[in-house]
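Have a look below at one chain only, the form predicted on its own, in structure tokens format.
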């Protein structure tokens, strides 16, 4: 059976078993992977799975289950979902599954054939290009992984919704280690793309090498700079800003009143320099599809327009609670791994958060900074989504003094509050990069503190 037949049978069997509504999500995911160990690609892995997630609803009681259908039948899955619905408490907030809506564009709009058909030989060639660029007499690549995936999913429900979408994804994670005069430095690079041919593996290898060597040469920071400007590489700034904004505008958090931006649509919550949209149809987005994971057509939703909060992001469950339409933000898929998306119900999440590129280069941004720091890598870039506070360990950075990069530093913290920082002018670069489910450039924020040992 193909995915459409599997999903239709699950829904039909559920209705025959007494479901008032039912929703079936069937997915075929293929992933080829190469793993690096001490400069050498040692493991090649190919995974292919067909999985289903079934939501069985009786009134306001909801049962959900999932299966790979390897050792059980469709009837077994339906019976288990029905049993779970029977013992579940009523969900007073549930209104209905989404009505059918016709998506725009072909179901394979976000599918790249080269990526979808990439085998271990293709990935081995790309990986060795990266390793060759990174390795030198004192730099090695201890570990890494490169994955190329394709995802084909079908969503069908008892209200007549029936849609398919097919897409591809590349994810890579690599580390470098430099040793020089009894000092050790680490480099970390990640890459995301929908198209394998868009990834410059030689460039990533060079960045790994220089990043690791920079850490070896860096000096421990022992001062305390207050009211400094932090210039954040796209990988670090997008992780901090994207995760915080994604939390604040999720209707799940807004409806639960845990978002700090609850009841603030139409208010200025950031400086006029800040404009962000959620684009489910992004040409670069890893979660882009013609429909979201419950069958609602994807769209571009303005979030912040010159600092003004324009909209929250809704899936059908949270939209129906406030009598609004879904914005196409019911998501099961992950931007790192195509496997296992069928195993949980949708969550109300951002698809691809995008910031428009400016006309400024990194050099332009640094040239405007009197005192600050340019950060290429944190131990882990994060900000508390509730309070906005952050205290991130700097692993690879360089001080900025009077518009110029000076001392390379390590052993320091960047401390501040991101909700407060974005209420002041934020400077963006033109170097848009894909990181996780975000497409964002270099970001410069003010009012931070650099704390040394």
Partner chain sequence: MLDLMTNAIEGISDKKVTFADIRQESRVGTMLAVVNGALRRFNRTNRAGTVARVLVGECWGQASTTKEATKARLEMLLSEATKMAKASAKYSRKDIDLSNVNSEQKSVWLSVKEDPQDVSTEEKIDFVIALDKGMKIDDRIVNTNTSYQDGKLLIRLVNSEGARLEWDELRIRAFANPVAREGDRMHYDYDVVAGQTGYELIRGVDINEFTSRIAQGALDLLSAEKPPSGKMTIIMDGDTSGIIAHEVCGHGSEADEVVKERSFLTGMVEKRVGSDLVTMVDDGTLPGKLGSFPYDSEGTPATKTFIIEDGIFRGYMHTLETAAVMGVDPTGNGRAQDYNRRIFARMSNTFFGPGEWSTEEMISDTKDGLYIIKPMSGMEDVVGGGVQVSCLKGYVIKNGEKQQLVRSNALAGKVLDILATVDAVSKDMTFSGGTCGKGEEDWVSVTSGGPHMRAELIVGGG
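Positions refer to the first chain, counted from 1. Computed from a prediction, not measured in an experiment: that's the story for all the values here.
Form predicted in complex with its partner chain: not shown, discussed below.
Proximity of residue 308 to its partner chain in the model of the complex: non-hydrogen atoms within 4.5 Å are absent; the residue sits far from the partner.
Shown alone here, residue 219 lies farther than 4.5 Å from its partner chain in the model of the complex, counting heavy atoms only. For residue 2, no non-hydrogen atom is located within 4.5 Å of its partner chain in the model of the complex, even though that partner is not displayed. Contact check for residue 184: a non-hydrogen atom falls within 4.5 Å of its partner chain in the model of the complex. Each of 66, 120 and 190 is positioned with at least one heavy atom within 4.5 Å of its partner chain in the model of the complex. Stretch-level contact analysis of 104 to 112, 352 to 360, 173 to 181, 159 to 167 against its partner chain in the model of the complex, using heavy atoms and a 4.5 Å limit, identifies 173 to 181. Residues 35, 37, 38, 40, 41, 42, 43, 44, 45, 46, 47, 48 are the ones in 29 to 48 with at least one heavy atom within 4.5 Å of its partner chain in the model of the complex, listed in sequence order.
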